[in-house]
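Just one chain follows, in the form predicted alone, and it is written as structure tokens.
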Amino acid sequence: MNDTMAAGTLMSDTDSTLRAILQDVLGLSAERVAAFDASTGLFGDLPELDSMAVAGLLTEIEDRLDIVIEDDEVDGELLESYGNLLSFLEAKVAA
């Protein structure tokens, strides 16, 4: 596993990829995404992440991480925070 440093903390490949996806799909700046931590709110907190953007975000995540996210795995808690989404994706990638 390759890890990179960001803001003084170790960042996993999945973390780096998720940050890049959020930049690309939602049009967020690199600086804004770099400041995300586990408690950063996503759905309901980021105006860019509305119900229309969720499908595009999940599709891009599946493509870049080579995973399948089942419909029944997507709920409000998953997209509540950056930490929730990252933990879910790290578990999917490891499986």
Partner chain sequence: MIATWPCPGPHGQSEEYALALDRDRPRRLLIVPALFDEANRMRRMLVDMMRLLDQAGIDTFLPDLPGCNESLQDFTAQSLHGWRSAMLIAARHFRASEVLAVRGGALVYPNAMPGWVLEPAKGTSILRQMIRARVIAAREAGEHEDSADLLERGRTEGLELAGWRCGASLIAGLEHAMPEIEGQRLIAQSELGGGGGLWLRAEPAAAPAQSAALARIIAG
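Numbering follows the first chain given and starts at 1. From a predicted model like this one, the values you see are computed outputs, not experimental measurements.
Quick note: we don't show the form predicted together with its partner chain, though the next part is all about it.
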{"property": "Partner proximity in the model of the complex: residue 37 to its partner chain, non-hydrogen atom cutoff 4.5 Å", "result": "no"}
{"property": "Close approach of residue 25 to its partner chain in the model of the complex, 4.5 Å, heavy atom", "result": "yes"}
{"property": "4.5 angstroms heavy atom contact with its partner chain in the model of the complex for residue 41", "result": "no"}
{"property": "Contact label in the model of the complex: residue 45 to its partner chain, heavy atom within 4.5 Å", "result": "no"}
{"property": "Check all three, 56, 59 and 74, heavy atom within 4.5 Å of its partner chain in the model of the complex", "result": "yes"}
